[in-house]
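Only one chain comes next, encoded as structure tokens, the form predicted alone.
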Amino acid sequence: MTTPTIRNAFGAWTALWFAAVLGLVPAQAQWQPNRPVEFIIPAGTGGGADLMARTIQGIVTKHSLMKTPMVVINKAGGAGGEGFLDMKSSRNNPHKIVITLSNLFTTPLATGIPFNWKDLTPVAMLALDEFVLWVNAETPYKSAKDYIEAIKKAPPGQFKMGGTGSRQEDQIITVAIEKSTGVKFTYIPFRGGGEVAVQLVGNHVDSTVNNPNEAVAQWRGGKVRPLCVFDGKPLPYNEVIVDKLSWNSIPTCKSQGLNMEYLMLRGIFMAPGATPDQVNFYVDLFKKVRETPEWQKLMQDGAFNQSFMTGAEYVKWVTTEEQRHRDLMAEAGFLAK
């Protein structure tokens, strides 16, 4: 005969088991940060990655999407290598994430630093960033064809292309334009997309290939003019920016005789050693971020391609992009010796 004490204990255990099966009692709470999360930007201030990371920080704070603060930190040294090596050395630290751009590939390929994206834990692609060929609005060039024809008539190197960093995406695109058209630029590197835009407004360079959100304020102000976008199709955003023109008004560079396309990753990685539960927390977090009106405004203002990927699909995309960048940089002569 079962004693009352044992019977009561057995009954309580049975009730708890049924509650767990029915989902009334969570078997284990989902992981979440218990201290501030460092959000690393492997780039300077004012550029596309910086603007996106700080927008995300504001969204997370405003909508209380995390119980702990998110602290944005720029680590731009060595073309972003400082930030990537910091992440690589932070194994098993789930309180640190990084927003990536194409220097995820270009920096180790160009410098030979001991880093590869496989050293990190992929979380999610947030979007793809576009590139636009910009000139100062005071110039006479109304199309990319006009601009290229003017360069062809000038001595090689007379026209200056401003861009972020050396042997990175802006210079890769510049070299691709040269190979596609036979022109020759003098490429001038700056610290970030914000500074690049300022240099174009001041007529210190003749053109740039800034991302939309790095130059949209100057376009609205009538200071710069977009000539073409390095995508395979026109951008889908029809809201008027200035003078009845929208992002959708900008022709593709291919239609202007510049035979190339280039889009850039805006994605999130964690430090090595992250667990599935920790990755899932950030995937869920960024899904919530993407649902906010502030994020939608960022996408609209910056004319982003709103692709979103996680898991194996994201890993496959990054693997393909790494090889594409290796090929582009080998052709441009940018690989580390």
Partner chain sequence: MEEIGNLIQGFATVLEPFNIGVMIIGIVLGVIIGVLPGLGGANGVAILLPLTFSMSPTSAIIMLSCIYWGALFGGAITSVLFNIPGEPWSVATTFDGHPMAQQGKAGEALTAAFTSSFVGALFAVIVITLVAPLVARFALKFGAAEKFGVYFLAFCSFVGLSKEPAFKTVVAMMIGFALAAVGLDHMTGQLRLTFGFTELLPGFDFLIAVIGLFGIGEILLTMEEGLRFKGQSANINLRVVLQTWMELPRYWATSIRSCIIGCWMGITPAGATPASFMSYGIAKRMSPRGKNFGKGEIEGVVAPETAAHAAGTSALLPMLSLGVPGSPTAAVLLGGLLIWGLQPGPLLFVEQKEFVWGLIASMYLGNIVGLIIVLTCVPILAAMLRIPFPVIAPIILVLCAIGAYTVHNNPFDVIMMLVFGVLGYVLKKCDYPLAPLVLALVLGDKAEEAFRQALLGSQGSLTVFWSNGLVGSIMLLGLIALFWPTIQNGLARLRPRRAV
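None of these values were measured; they are calculated from a predicted model. Residue numbers count along the first chain shown, from 1.
The form predicted in complex with the partner chain exists for this protein as well; it is not shown, and the discussion that follows is about that form.
For a residue to qualify, one of its non-hydrogen atoms must sit within 4.5 Å of the partner chain in the predicted complex; none of M66, N103 and A127 qualifies. Remark: E82 counts among the residues lining the partner chain in the predicted complex, judged by a heavy atom distance of 4.5 Å or less.
The closest non-hydrogen atom of T55 lies within 4.5 Å of the partner chain in the predicted complex. Among residues of the shown chain, G257 is not one whose heavy atoms approach the partner chain to within 4.5 Å in the predicted complex. Although the partner is absent here, T45 sits close enough that one of its heavy atoms falls within 4.5 Å of the partner chain in the predicted complex.
The contact with the partner chain in the predicted complex, taken as any heavy atom within 4.5 Å, belongs to E195 out of E261, D119, D146, E195. Of the listed positions (T252, N248, S180, S166), a single one reaches within 4.5 angstroms of the partner chain by any non-hydrogen atom in the predicted complex, namely S166. Heavy atoms within 4.5 Å of the partner chain in the predicted complex belong, among the stretches 45 to 53, 285 to 293, 268 to 276, 306 to 314, to residues of 45 to 53. Of all the residues from 217 to 246, those having a non-hydrogen atom no more than 4.5 Å from the partner chain in the predicted complex are A217, Q218, R220, G221, K223.
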